[in-house]
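One chain comes next, on its own, written as structure tokens: the form predicted alone.
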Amino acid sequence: MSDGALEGLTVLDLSHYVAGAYCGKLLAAFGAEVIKVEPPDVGDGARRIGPFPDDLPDPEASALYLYLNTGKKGLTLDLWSDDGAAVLKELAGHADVLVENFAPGVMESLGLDYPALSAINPRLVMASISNFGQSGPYRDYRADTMVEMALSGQMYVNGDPEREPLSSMGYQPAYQAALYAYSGIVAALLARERDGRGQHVDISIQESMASEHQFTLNRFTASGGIRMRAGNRYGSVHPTTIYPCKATNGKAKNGKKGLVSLGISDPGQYVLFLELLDMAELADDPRFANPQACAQNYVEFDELVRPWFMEHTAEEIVHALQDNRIPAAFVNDVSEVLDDPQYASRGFWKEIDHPVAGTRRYASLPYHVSEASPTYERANLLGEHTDEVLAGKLGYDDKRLAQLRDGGVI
């Protein structure tokens, strides 16, 4: 098997929680040696977020931490102590990349900002992920998923038009920023090959989310139109929505009811769809002549077609439509995602064993690289590789390691 695409690179991952950690996970998957730097004793805050196996909290078995930190080495280091900061500077002298997602100003207060570290290692690429970037009037604002979704404009277009806007669940903004950080790091590494020097990559989570819905921003800049919320519909064409359908063998699929999702915008697909429903005559009605007209009269349209859906199961509907090249899909819950044959055929789910959490199934990366495929190894235990890293990278002997440990630095 070929070496990973990033084999030979050393990455210092100073991140906590999601954004920086996921970026480091991607780098590790492609062969970089990623050293996860955590505070002694307590570790990354993600270790305290469940779920946990058997609902028993354990910092070594957090599902969130285990997913975000696969393939990394674990180093404990108190960056807030003078000795800890000094050790980090030594490590930075041997590193190619440093990833951090502290609030702006924290790294500077520790004497570990980019000017300080690049003076030690001019080839260092440093990525800083923060809510609003390292500059601007919002730089020091606090934020979470709700705030990022609201300020990016994404929240405004989600939800029912008669209700308040809706946010997404989970840590989606942080994951998106991690992807941009990863691509920015790779770009900086390529530039380093050309110029011989590293650079600072400044990633804003707010900007990451705003860049993801250019279809609404472009619409406004081109025409002045502001896209409004449309619930489960696309808005300008129909049927692009979710319909309830007959449960399978009396057993509900996809929640309390059977559900299918449709995405029909092409006029030819629309006509074929009506033919499959044995309702081709609807196209002769000006209200339903095409997907655009249908969108203006979706309430009446849905009343006419809903009985057909309730007479057929999700399997019957999806397969019939897809066999005719019409976009349709099951609305999978999580258990159905895990059992979906498409994921299985591509080996998307990976089973990874961990000495505390046991064997669990994890999502892999959504791309296959023919000559340098990603690898998947378990997450590190807290401080698991501290002695190995400091002895191997910096030549620390047992006496030096003992001094640092006795002083609470590692």
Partner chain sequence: MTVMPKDAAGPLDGVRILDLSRVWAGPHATRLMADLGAEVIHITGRRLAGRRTVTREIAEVLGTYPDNEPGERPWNRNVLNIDMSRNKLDITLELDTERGVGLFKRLVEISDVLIENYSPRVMPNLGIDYPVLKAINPGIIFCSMPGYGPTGPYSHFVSYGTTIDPHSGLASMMGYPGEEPHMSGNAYPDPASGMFASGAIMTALFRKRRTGKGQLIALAQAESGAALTGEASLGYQLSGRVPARMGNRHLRKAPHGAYPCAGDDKWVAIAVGSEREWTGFCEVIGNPGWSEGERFATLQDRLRNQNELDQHVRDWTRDQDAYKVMERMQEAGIAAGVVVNAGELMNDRHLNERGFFWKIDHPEAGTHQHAGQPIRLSETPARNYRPAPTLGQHHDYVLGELLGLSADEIDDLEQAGVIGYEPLVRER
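All values reported here derive from a predicted model rather than from experimental measurement. Numbering follows the first chain given and starts at 1.
Below, we refer to the form predicted in complex with the partner chain, which is not included among the displayed structures.
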The partner chain in the predicted bound form has a heavy atom of only one listed residue within 4.5 Å, and of V305, V331, L282, L110 that residue is V331
Please tell me which of G196, G93, P286, G170 lies within 4.5 Å of the partner chain in the predicted bound form, judged by heavy atoms.
G170
I'd like to check something about E164: if you look in the predicted bound form, is any of its heavy atoms closer than or equal to 4.5 Å to a heavy atom of the partner chain?
yes
Is P355 one of the residues lying within 4.5 Å of the partner chain in the predicted bound form, judged by heavy atom distances?
no
Report yes if any heavy atom of L77 sits within 4.5 Å of a heavy atom of the partner chain in the predicted bound form; otherwise report no.
no
V42 within 4.5 Å of the partner chain in the predicted bound form, heavy atoms
no
Mind telling me which stretch in 203-211, 274-282, 80-88, 297-305 gets its heavy atoms within 4.5 Å of the partner chain in the predicted bound form?
203-211
At 4.5 Å, heavy atom to heavy atom, what parts of 176-193 sit next to the partner chain in the predicted bound form? List them in sequence order, or say none.
Q176, L179, Y180, Y182, S183, G184, V186, A187, A188, L189, L190, A191, E193
